[in-house]
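Taking the form predicted on its own, here's one chain by itself in C-alpha cells.
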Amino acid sequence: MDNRHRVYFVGAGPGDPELITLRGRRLLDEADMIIYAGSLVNRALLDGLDAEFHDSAGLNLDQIIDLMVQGHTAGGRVVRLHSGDPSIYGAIREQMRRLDAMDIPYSVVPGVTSAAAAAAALKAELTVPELTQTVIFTRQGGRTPVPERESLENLAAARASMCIFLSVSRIDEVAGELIRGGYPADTPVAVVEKASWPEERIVRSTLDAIAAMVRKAGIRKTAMILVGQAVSDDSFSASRLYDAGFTHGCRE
C-alpha cells in the first residue's frame, strides 16, 4: 500500500519546534489532515502548513477515530501529533487498536520525551558511573491509578534516577512517598516547567523542601520532576569509556 495512505502517530517533542525528528517534520509538511494535542503541542509546528487541522484537546476517543477514518477514506495522509514521545503516556495504544480493527494501516514516529528535555535543561546526565545506572519513568497515582507494586514508595527503594511525569500538582504527596520509600530527605530534586519552551523554569531543592518551593513558584502543571543523586552537580564519577588506561574494541 502507498505509504501516503495511512495514519502516522508522530512525536512532536517537548515543545521547542526544532526538537522534532526530521521524519516527523517531513510528515507534517506533507500531511493532509493533522490531529494535534492542542493543550501540549507547540502550535508553531503547524505554522505555514496547508492541511486540515483538528485540536484533540476537547475530543473523546470516538471523535478522534472518526476524524482519522475520514482522512484515511479520503485518501489523504493523516498525522496524529502527540507531545513528547508517543510511547510514554501517549494514550496511543487505544487508538491503534481501533485502527487495527478497521484494517487501517499506521506507523509510529518517535519523538524527544520531556524527560530528556528536562535533563538537558539541567545539564544533567541521568546515569552516572558507579552511582546510578537506572532511570525510572513513572507518575504519581491520581484520577488514573498506578499498580500498587509501582507506587512511588515502592519504586523509591532502588534510589535510582527518577523522572516523574504528570505529578507536579501533587508534589507534597510525591516527596512524602519517595522519602518513606527510601530516598534520604536531602536527595537532590529538580522541577522543570515547560522544558525547552521559551517560558521554561527550573526549581532545584531537596526532597524535604521541594514542595514549598514549587508552590511558591506557582508551578501546577506541565512540569517534569527529576529525583536522584544524578540531578546534583556535585555527584560525579568519571566513566571508563574515555579513560586512557581502559581498552575496548575500538581502542587498545
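Fair warning: this is a prediction, and the values are worked out from it, not measured in the lab. When you see a residue number, it is the position in the sequence shown, counting from 1.
We do not show the form predicted together with S-adenosyl-L-homocysteine (SAH), though everything after this point is about it.
- A residue is said to contact a partner when one of its heavy atoms sits within 4.5 Å of a partner heavy atom; F165 meets this definition for S-adenosyl-L-homocysteine (SAH) in the predicted complex.
- The closest non-hydrogen atom of Y106 lies beyond 4.5 Å of S-adenosyl-L-homocysteine (SAH) in the predicted complex.
- Although the partner is absent here, I88 lies within 4.5 Å of S-adenosyl-L-homocysteine (SAH) in the predicted complex, judged by heavy atoms.
- Contact check for S161: every heavy atom lies farther than 4.5 Å from S-adenosyl-L-homocysteine (SAH) in the predicted complex.
- Only one listed stretch (175 to 183, 113 to 121, 126 to 134, 67 to 75) carries heavy atoms within 4.5 Å of S-adenosyl-L-homocysteine (SAH) in the predicted complex, and that stretch is 113 to 121.
- Of the listed positions (V214, M224, A31, I35), a single one reaches within 4.5 angstroms of S-adenosyl-L-homocysteine (SAH) by any non-hydrogen atom in the predicted complex, namely M224.
- This chain appears without its partner; in the predicted complex, the one residue of I219, L27, A51, L40 with a heavy atom within 4.5 Å of S-adenosyl-L-homocysteine (SAH) is L40.
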